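Listed next as structure tokens is one chain, alone, in the form predicted alone.
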Amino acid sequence: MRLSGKTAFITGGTRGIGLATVEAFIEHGAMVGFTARKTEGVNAVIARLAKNCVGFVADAGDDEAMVAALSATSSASGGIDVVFANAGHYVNAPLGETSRETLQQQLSVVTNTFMTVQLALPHLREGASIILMGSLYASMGPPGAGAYAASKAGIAALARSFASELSPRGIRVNVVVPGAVDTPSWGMDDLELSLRDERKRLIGERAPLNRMIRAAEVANAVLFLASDESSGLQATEIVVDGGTTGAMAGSPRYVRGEP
């Protein structure tokens, strides 16, 4: 098993990519501590997975709660080997319509990611792996997403500086960059099944693979970055987007001449 004997800490671990990563890490032998903001979500994951994980109700912006969660995760094995700073959110922020408060709310993703890593430092073993959550939006420039794009570009910048600072300890810092992933964050769960399937189809057509990415596929990339198999990777990004950015001209919508 690829993470046998390792202890991992994941923020935002009860849905989407975070939950898929908790599951993948446990399957590959890790003991996992994870956080989420809602008690019912934490309890549901613990009840379903049953072993090798412990959950904490902790917002990534609450330093006291995060310190407690990190300390409890670390104490079980004497240290932490993997941190996946996954927690985040999206706020629509069109230019000309966005308040300062909205912008600050979105940019808190950068602050919270920085603090997650900083608070984890006393618990990290030599040679640990830190994975940050990026996004294609950092480089694609979609309208209305300037604040979110800026926050994710900031995450990539953090990773590079973190890598410089932590390399003397053998600690690696990398970024996973998902494309359109079929998770609840797209807000389609309340749609009728036929409408949901149609929207997924339209979104998927932006990628040459002609489908949305599955959360488990992103989790597999995180698993690779967490494992010793990626020991030579430092300050890099792994893009999991079905070819959306690497081969845009191969997408069905592009081939048909549609935007």
Ligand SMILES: NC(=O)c1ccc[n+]([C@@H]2O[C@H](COP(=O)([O-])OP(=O)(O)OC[C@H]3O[C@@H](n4cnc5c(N)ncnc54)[C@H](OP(=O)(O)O)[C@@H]3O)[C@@H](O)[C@H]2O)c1
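Nothing here was measured: the structure is a model prediction, and the numbers come from that model. Numbers follow the displayed sequence, beginning with 1.
There is another form of the same protein, the form predicted together with the named molecule; it is not shown, and what comes next is about it.
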| task | Given that the partner is absent here, state which listed stretch (161-169, 94-102, 68-76, 128-136) has heavy atoms within 4.5 Å of the named molecule in the predicted bound form. | result | 128-136
| query | With a 4.5 Å heavy atom cut-off, would you call residue 58 a contact of the named molecule in the predicted bound form? | reply | yes
| said: Using a 4.5 angstroms cut-off on non-hydrogen atoms, would residue 186 count as touching the named molecule in the predicted bound form? | reply: yes
| query | With a 4.5 Å heavy atom cut-off, would you call residue 38 a contact of the named molecule in the predicted bound form? | reply | yes
| Is the gap between residue 17 and the named molecule in the predicted bound form 4.5 Å or less for some heavy atom pair? | yes
| said: Give me the residue from 115, 180, 121, 153 that has a heavy atom within 4.5 Å of the named molecule in the predicted bound form. | reply: 180
